[in-house]
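Only one chain is shown below, in structure tokens, and it's the form predicted alone.
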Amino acid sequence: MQPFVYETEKELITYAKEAEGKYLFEIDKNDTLSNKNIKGKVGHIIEESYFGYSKNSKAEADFADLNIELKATGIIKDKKQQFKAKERLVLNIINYEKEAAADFFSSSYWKKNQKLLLFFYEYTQDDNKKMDAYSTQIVKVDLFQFPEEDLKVVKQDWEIIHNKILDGEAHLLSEGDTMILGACTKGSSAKTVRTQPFSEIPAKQRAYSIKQGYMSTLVRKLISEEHLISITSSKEIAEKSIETVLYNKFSPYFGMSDKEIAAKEDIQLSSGKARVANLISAMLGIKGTNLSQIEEFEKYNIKFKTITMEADGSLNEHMSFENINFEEYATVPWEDSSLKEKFETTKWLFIIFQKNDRGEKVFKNIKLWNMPEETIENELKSFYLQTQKVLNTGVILTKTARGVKNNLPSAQDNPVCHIRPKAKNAEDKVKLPDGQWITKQCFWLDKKVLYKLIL
């Protein structure tokens, strides 16, 4: 196929949008779909079969004369059948040696990615849980540039990454450091490393990326045409930080009980799971709004969790998260695990209450936290690998006077996290990879970690 010839940006975009609604097999001219050795089939097909250009890793943008980079990105449906981004949008590899000498506008990020021609495709799976490439459809094509207010946050993100490189700390980079522009790991394994200019310590190979939360916000606006509610502005976040903005929103309620907050905001205090979510919405001035409708929570991938301290300041409970997907833990390598990605990319908003002498829950403080890279690569990784080993050698279930115990990682095995049951009752079970059945188990963050955070 001859390369597509264009003279103006408008001609390029008009042709690109003609792909909307088409399936990959309709575009594929080189039988790429049947080639099992090609990774990133969607990008290959769009670049080579639709535009007629050879796949490359040039430092400049794909359409260099227009400063436009071509990117394919997947979307999926969540449990509510609403579209969201499948994953972060990975951009170009970071050359630490070269990037150290750049400023933002001369950086490899800006040279290659200032305008992105995004091909959104719906990711579907076949019966083997693999990508069903033959059923993959291009849903939306859009030319994207960061709005000026978001670009200010992106610049700050780039400076954070750049300063770590200058400080000889490229090996300590973490996606949790930044808000929109991330530095995600990129390589076939953890052993894929690069030199850095101001340290002898090899650093993991990383690439610039646009975080999944921000990509999901784009999907919900461009494709689902949802109206998300903002509690602030990107300008204010760039000037103050999201943590300061949230602190200023919540601090007037510190020292009030949950009942007093509900009375002040004239809302019903439910007894179910939505109790704290309703309080948070009310304190943010958006009563009745699902927290997933708050643009900043989606854009910056902020999830809230509640911590309740006893009257004496102690913590009696560990913090529970989702149920363990044992099949994933048994088969997926650590580098590709959803657990690793969750704690690399999520900022946790801890809503902290403390019981008073009457047993009432008093709003004490907030804490915005992301798990440090060192913790992810040490304790969290150790937990995952230990769990994987036990699953693949066979879980030992032993009957006791209190029920059934197992040899999965417990609170005594790891100072950060462990596995414990979390089920409706003893009959609420799940099948293990070895065929045995076990009461549903959950990932728990140790209360000692939480206590250090809220001191």
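Residue numbers run from 1 along the displayed sequence. This is a predicted model, so every value here is computed, not measured.
As for the form predicted together with the DNA, it is not shown, yet the points below apply to it.
- Proximity to the DNA in the predicted bound form, taken as a non-hydrogen atom within 4.5 angstroms, holds for one residue of K389, K424, K29, K58, which is K424.
- Checking F321, F198, F350, Y253 against the DNA in the predicted bound form, a heavy atom within 4.5 Å turns up for just one residue: F321.
- At least one heavy atom of G403 is located within 4.5 Å of the DNA in the predicted bound form.
- Though the partner is left out of this view, T306 does reach within 4.5 Å of the DNA in the predicted bound form, counting heavy atoms only.
- Not displayed here, the DNA is approached by R420 to within 4.5 Å at the level of heavy atoms in the predicted bound form.
- Mapping the unseen interface onto this chain, K361 counts among the residues with a heavy atom inside 4.5 Å of the DNA in the predicted bound form.
- Stretch-level contact check against the DNA in the predicted bound form with heavy atoms at 4.5 Å: of 99 to 107, 116 to 124, 179 to 187, 311 to 319, the positive one is 311 to 319.
- Interface residues of 127 to 152, taken as those with a heavy atom within 4.5 Å of the DNA in the predicted bound form (partner not displayed), are absent.
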